[in-house]
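Next up is one chain by itself, shown in structure tokens, the form predicted on its own.
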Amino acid sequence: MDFSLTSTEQQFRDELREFCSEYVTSEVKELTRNGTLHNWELHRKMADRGWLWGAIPAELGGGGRSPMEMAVFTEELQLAGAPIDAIGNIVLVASVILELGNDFLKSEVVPKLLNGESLASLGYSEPEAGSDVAACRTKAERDGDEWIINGQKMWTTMAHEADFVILLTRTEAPKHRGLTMFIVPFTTPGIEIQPVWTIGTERTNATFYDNVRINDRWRIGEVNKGWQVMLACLKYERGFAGGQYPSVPLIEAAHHHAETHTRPDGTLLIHDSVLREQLVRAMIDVEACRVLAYRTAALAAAGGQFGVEGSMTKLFSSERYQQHCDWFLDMQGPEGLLRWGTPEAPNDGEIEENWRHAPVTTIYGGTSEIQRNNIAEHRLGLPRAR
């Protein structure tokens, strides 16, 4: 349980903090209020420093930064409020191609992703399947050396900025046995991208595939073996996911509000014992999240299995974040419901904005229900739900 950083890891943290202080400006963070948590200039600066390449495992030919370094990477960028939603997708897709892809995909796609030129999105979920990605109905039919794809995907976040999507399709048998995975360029004729706005004013997308024709060289993995590729995707998704620290700027905003606003009796909000307890409990939750994230990284560094620990970290951080938002929105009273851009909104609507964003964090990356199932089955030994 000693998660002290090595000198190399501490040096990397210092480098990240210096980078964030220089480049993650208030202007950069303000631009993310358009609903897209990505900034091309910032992204390319990170690529130029080799951080995208460094996130790829060494056994795949990448920079092979340690799991603890990647936990620090995620932590510092999140604490700074950097728009980094695209990075996890890049690491996942590049790693899966390097492990299971053909030479064409390795030369055509991976360099563009890791040099900051292109982004990738994930095409798993469908409108009627929810978290059951094996219920995929998007159809891929072979036509000689080509495939014709028809169907629809939901929650293809970053599709409007990306050049590629890793696309799960149905080729033959039902459920897990008849799936095939492709890397599909969004420039291919027949693809339509429609925006879907969340309550947190973030943009995700619905994507439609109408007789999309691609060459077989864009296939990744064997025909009807797409579930094995999907498992690799999950492996790299969990490997990249560190702690989640959205509560930190929220707590800072709440603390500032409490020290500068008064109750009806004229005393500062900060003197309210219930609010003080909530602030402290929120800070304790952040430290618990950090310990969970570092433990996951330590297990990964030791070569152990860490899927359950990743679920624990994600479940705890997102659920507690939502609770923190409820507490601190209530603290502001009715005015707290005013959105950013409204002159009367406390803290320029920062707490209200977090409050709308919080429910989304319990859904993407695996819903809280899926995380609980994973923990129940693989850590507590409970029977699988029927």
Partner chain sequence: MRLQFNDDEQAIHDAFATFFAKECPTEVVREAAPLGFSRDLWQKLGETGVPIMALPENYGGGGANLRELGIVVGLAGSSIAPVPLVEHAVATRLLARLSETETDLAQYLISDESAIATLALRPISSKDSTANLLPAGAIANTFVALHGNDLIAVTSPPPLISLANTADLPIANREIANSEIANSEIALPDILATATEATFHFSRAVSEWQALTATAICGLGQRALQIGVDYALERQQFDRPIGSFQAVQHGLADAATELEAAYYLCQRALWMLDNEAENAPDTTAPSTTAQTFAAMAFLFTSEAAQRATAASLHYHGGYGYAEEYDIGLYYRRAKGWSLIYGSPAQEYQRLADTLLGPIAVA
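Positions refer to the first chain, counted from 1. All of these numbers come straight from a predicted model, not from anything done at the bench.
The protein also exists as the form predicted in complex with its partner chain; that form is not presented, and the subsequent description refers to it.
- Contact annotation: of the candidates 128, 265, 143, 287, the single residue with a non-hydrogen atom within 4.5 angstroms of its partner chain in the predicted bound form is 287.
- Only one of 187, 211, 215, 273 lies close to its partner chain in the predicted bound form, with a heavy atom inside 4.5 Å, and it is 273.
- Among heavy atoms of residue 85, none comes within 4.5 Å of its partner chain in the predicted bound form.
- Mapping the unseen interface onto this chain, residue 363 falls outside it, with no heavy atom inside 4.5 Å of its partner chain in the predicted bound form.
- In the predicted bound form, residue 17 approaches its partner chain with a heavy atom inside 4.5 Å.
- Shown alone here, residue 10 lies within 4.5 Å of its partner chain in the predicted bound form, counting heavy atoms only.
- Looking at 219-227, 289-297, 196-204, 105-113, the stretch with residues near its partner chain in the predicted bound form, meaning non-hydrogen atoms within 4.5 angstroms, turns out to be 289-297.
- The candidate spot formed by 2, 255 and 376 lies fully in contact with its partner chain in the predicted bound form, as each residue has a heavy atom within 4.5 Å of it.
- Contacts between 345-384 and its partner chain, taken as any heavy atom within 4.5 Å in the predicted bound form, involve 369, 372, 373, 375, 376, 379, 380, 381, 382, 383.
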